[in-house]
Ligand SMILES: Cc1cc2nc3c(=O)[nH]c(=O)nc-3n(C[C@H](O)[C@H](O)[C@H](O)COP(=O)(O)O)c2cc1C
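Okay, here we've got a single chain as structure tokens, the form predicted on its own, with questions on binding and movement later.
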Amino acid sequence: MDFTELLNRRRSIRDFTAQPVEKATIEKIVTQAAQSASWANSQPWKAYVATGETLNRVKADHLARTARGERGQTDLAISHRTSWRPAAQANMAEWGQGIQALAGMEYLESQGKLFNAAALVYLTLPKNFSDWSLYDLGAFGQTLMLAAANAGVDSMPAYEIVKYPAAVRQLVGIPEDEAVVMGIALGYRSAARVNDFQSTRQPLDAVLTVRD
């Protein structure tokens, strides 16, 4: 697949079909993700994937906690939107208004069910991780999603997936000395209207500065 085509195919999908992702496909995706750049070759990342009955238990637990209004207790600190720079706040507001206008309730219902994902990937770092390791894990996660797209598998990185890390550790078997940093849903996009939404990106001159 052409790289530009691959980039355009990889976008956040917020509702998946019931079609499973084969174990061999998941293994190939994670193997390719491990080719990511890593600071001093530290390779601090770990990936835990929930499928089958484990996935069902994770989804049921998450839905129950959400239904009773349990607050998230993520391993990474959450920053309120008002603490972000104005440009970031504007991007967030545009995203929120756009998805709400298109399929607000549909999105919330799917989110509560962890997007009906066929597999959930939990990316972790050692709890005493270096700040540099966050760059490594971000690169690993992005490469994983591009590898998934290349295999015809859709993805969705989301806070919601790691909202209750203590429960995830118990259900998925993640050691206590690892921080659950990011979750990525994998599967095949459904025909739900929410999947028609695509966020915009800033123009090049708002991102790039070249000094001659």
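The structure presented is a predicted model; accordingly, all values stated were derived computationally and were not measured. Throughout, we count residues from 1 along the sequence that is shown.
We do not show the form predicted in complex with the ligand, though everything after this point is about it.
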Tyr122, heavy atom within 4.5 angstroms of the ligand in the predicted complex: no
Hey, in the predicted complex, does Ala47 get a heavy atom within 4.5 angstroms of the ligand? no
With a cut-off of 4.5 Å between heavy atoms, is Gln202 one of the residues that contacts the ligand in the predicted complex? no
Considering only heavy atoms, tell me if Met156 and the ligand come within 4.5 Å of each other in the predicted complex. yes
Of these, 26-34, 159-167, 47-55, 64-72, which stretch puts a heavy atom within 4.5 angstroms of the ligand in the predicted complex? 159-167
Would you kindly say which of Met182, Ala147, Ala185, Ala179 lies with a heavy atom within 4.5 Å of the ligand in the predicted complex? Met182
Interface residues of 120-143 toward the ligand, as seen in the predicted complex [heavy atoms, 4.5 Å]: none
